[in-house]
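Just the one chain here, the form predicted on its own, laid out as structure tokens.
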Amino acid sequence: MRIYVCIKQVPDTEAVITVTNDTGYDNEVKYVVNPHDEFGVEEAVKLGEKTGENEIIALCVGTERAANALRSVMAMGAHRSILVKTDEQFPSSDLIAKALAKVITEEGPADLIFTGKQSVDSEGMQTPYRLAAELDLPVVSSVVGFSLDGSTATVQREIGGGIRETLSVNTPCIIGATRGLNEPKYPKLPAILKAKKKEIKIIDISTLDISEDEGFRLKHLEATEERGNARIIEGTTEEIVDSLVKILRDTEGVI
């Protein structure tokens, strides 16, 4: 069984992001594997441990520094990895999906493809669906439960309000993983050292016959305004309501 895990390298959610121009930010921050993608990686590794016959291939579209994220994923258990190199800080979901589809088609047919349900930087939530359209495969996202029986996958997905639905889907298919599917294991030192020797195949995106003008283009990026500290309003219910209305009307100007 050939399993692909599609990941993205993103800034750490606790990193301080400084916007440096209209469409970019200072990239001298800590980068990590997108947290949602780690659940997909862990699920692929679990499948491999059950059968011992799976090949797990990690794929990433990103800058050259994204090789570090692929090393982390290989330490988790991926056998090899492929980096589609681009200089774009914010490649579009459409461009990413087309690049991933090209690589998967060239490397060999997939039995399963895991992605995260979304990335924590741009949060477009489009890549699993666009990749499925490119490969003409079924897709289920927001997956918190997964089992495989032959060529049929049974999945549970969150649909809002704490409600889950159970679906059966034929493989090959694309699974958009999220928190609750499993608990990713922290790689041990021997696995980290071993990952440094594993293969990372680098493909320049310009060689894939994909126009980097496809999809959306980021036109403007700006930091959110700093907000003041929270205020605690004390008093009777009537006093609190009067104070709140005054703040909303006179200070915030929303009423």
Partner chain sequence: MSKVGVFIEIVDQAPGKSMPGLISAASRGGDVVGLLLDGLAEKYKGSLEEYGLTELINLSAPNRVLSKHPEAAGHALAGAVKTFGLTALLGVSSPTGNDLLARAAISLKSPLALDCIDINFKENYVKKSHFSGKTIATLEIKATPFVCGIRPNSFEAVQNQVTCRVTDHSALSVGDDTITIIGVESSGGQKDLTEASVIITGGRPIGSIENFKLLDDCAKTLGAAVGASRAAVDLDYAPHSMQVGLTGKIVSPKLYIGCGLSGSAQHFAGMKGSQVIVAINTDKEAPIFTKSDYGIIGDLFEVVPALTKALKTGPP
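Residue numbers count along the first chain shown, from 1. Fair warning: this is a prediction, and the values are worked out from it, not measured in the lab. If you superpose the two forms and keep the largest set of C-alpha atoms that fall within 1.5 Å, you have the rigid core.
Keep in mind that the form predicted in complex with its partner chain is not shown, yet the notes after this line are about it.
Considering non-hydrogen atoms and a 4.5 Å limit, does its partner chain approach residue 179 in the predicted bound form? Yes, residue 179 is a contact residue.
Answer for residue 79 alone: is it within 4.5 Å of its partner chain in the predicted bound form, judged on heavy atom distances? No, residue 79 sits far enough from its partner chain in the predicted bound form that none of its heavy atoms falls within 4.5 Å.
If you check in the predicted bound form, is residue 140 within 4.5 Å of its partner chain, heavy atoms only? Because a heavy atom of residue 140 falls inside 4.5 Å of its partner chain in the predicted bound form, the answer is yes.
May I ask you to check whether residue 237 falls inside a 4.5 Å heavy atom distance of its partner chain in the predicted bound form? Yes.
In terms of non-hydrogen atoms within 4.5 angstroms, which of the given stretches 48-56, 200-208, 35-43, 187-195 touches its partner chain in the predicted bound form? The contacting stretch is 35-43.
For a quick check, can you give me the residues of 1-37 that have a heavy atom within 4.5 Å of its partner chain in the predicted bound form? Heavy-atom contacts to its partner chain in the predicted bound form: 11, 12, 13, 14, 15, 17, 19, 25, 35, 36.
Given a superposition on the rigid core, I'd like a yes or no on whether residue 15 shifts its C-alpha by 2 Å or more between this form and the one not shown. No, its C-alpha moves less than 2 Å.
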